[in-house]
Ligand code: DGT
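Presented below, as structure tokens, is a lone chain in the form predicted alone.
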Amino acid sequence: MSNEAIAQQLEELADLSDFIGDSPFKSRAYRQAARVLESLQTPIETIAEGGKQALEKIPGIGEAIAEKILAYLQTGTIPKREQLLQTVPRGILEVMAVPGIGAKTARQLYEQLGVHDLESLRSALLSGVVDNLPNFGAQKRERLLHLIELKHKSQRRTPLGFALNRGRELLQVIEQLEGVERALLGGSVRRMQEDVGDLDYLVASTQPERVVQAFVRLPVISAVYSQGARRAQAFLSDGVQVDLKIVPPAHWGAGVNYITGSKAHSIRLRQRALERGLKLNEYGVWRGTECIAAETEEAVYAALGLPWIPPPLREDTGEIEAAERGQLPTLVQLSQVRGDLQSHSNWSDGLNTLEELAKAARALGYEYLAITDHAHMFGGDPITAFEQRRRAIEQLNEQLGGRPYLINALEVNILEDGTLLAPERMLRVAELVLAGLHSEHGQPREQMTERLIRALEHPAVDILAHPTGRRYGKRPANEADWERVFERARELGKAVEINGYPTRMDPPTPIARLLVQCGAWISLGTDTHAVRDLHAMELAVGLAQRGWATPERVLNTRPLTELLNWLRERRHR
């Protein structure tokens, strides 16, 4: 992703400038440009085809930065950044990338403790020597250690949105192997976990050795770690681990349960079997030498005295107890979603026109699509541009007969103090307003809590977008008192988004579960910036399911008339 890569280089250039004491105006300009590029998900290469002048039309991109972008696209580097890296250790960038460590702190750590990369920072934090520095203490030290560990964890796993597509492509290949009768992609992918460590496959076959041999010879397999008569463990060329398990067709259901997990859920099921004098493994539920259930998952659960438990719930977080009580939730389904409540057109940083988005939404059978272009990215006079887009939406709604109905909406940035980066006039006119975090991440927990609540309390805000602000491989989720935030959203009658964009999947499962428990309205959004992104609704629904969400509190399951009534009544209140 060149947009992300260039934004990262500009951020690093700003950090390096601050570290050496260069002009603060330069670093401010670099950061502003980086923020624009982060939200500008239209490929920057496409815009750059129009040359430097086309780049300069992007808000926040001046002549000097446009030249740096072109240099990156041509050479893969920004010369000014490379020049500064000759004067400081490269690891300093890793240190300054940790939320809560700015240039001043990084320089202090470097000069007084020799901290020059993440590992030396981690050592200084673990030893407690940083406590002797000004503005450091045990609480800050623990928070920084926590952030470093999260960063390492995010680098080791793949976002579900990427793993799901990759996994399904390989599944199609496996299904065609000689001897394969059935095949399934299980593990954390089937449970719709936000990130994935490896790809787990189950195959039903009466010729397991033939299947194993065919599997390990697949062109996509770059290395085989181990193999046996009914299993194989291998690696794809990019290092992704792939595990294959083969069971006889008659034991398919037990194998599916085994390959799905989670480990904690499976342990509970095995304990439950033992308590009943039974044994559970990947081949079935056994009473002595007799297999009493194996062919279907439903039969396996029934043999253990339970109803079938949906895969997204299988984390040993209360699902077995709920199943025992007959209180498993009826989870929201993709087929129940009537529209998408976050998408961006080429009026801001989207790739497609309003008409192209509308046609794509119609193809999905949607009744409505919210066009939530970024308020701060309307070119020229933003109010005039917003009014022009409103008229364009109205004309298109008339042409298409409202199938789907395009909602004249906005996404606005929540500033550091909780105010909104948008003219009040635009906020009043928009049919729907999302407010989200796009900058100043890593604030202390209490400050972030107050910031989010203040944004929610703005009369025009309908939905809190991607609440934690996390981005895979870039930043962890912000910390806040989420119960307070969600309770306030419920009190105000407002919604909180579950965002399915592949690099967001926000909020994480535990926070999504808390959102459901708090009873606030839920909005499902894909954060679409190109028509292909609309398919990320599957990810949003999967994350909502992991939070135990039912359709009753999900806005997107409402018909258009009910949704519009909800918006009008909420604003009237």
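Residue numbers run from 1 along the displayed sequence. Everything quoted here is computed from the prediction, not taken from an experiment.
What comes next is about the form predicted in complex with this ligand, which is not displayed.
Of the residues given (Asn352, Gln193, Thr468, Asn397), Gln193 alone sits with a heavy atom within 4.5 Å of this ligand in the predicted complex. This chain is displayed alone, yet in the predicted complex one of Asp198, Glu367, Glu319, Glu297 has a heavy atom within 4.5 Å of this ligand; that residue is Asp198. Contact check for Arg157, Lys263 and Ser266: all three have a heavy atom within 4.5 Å of this ligand in the predicted complex. Residues of just one listed stretch (131 to 139, 184 to 192, 202 to 210, 482 to 490) have heavy atoms within 4.5 Å of this ligand in the predicted complex: 184 to 192.
Among heavy atoms of Ile259, some come within 4.5 Å of this ligand in the predicted complex.
In the predicted complex, this ligand lies within 4.5 Å of some heavy atom of Arg270.
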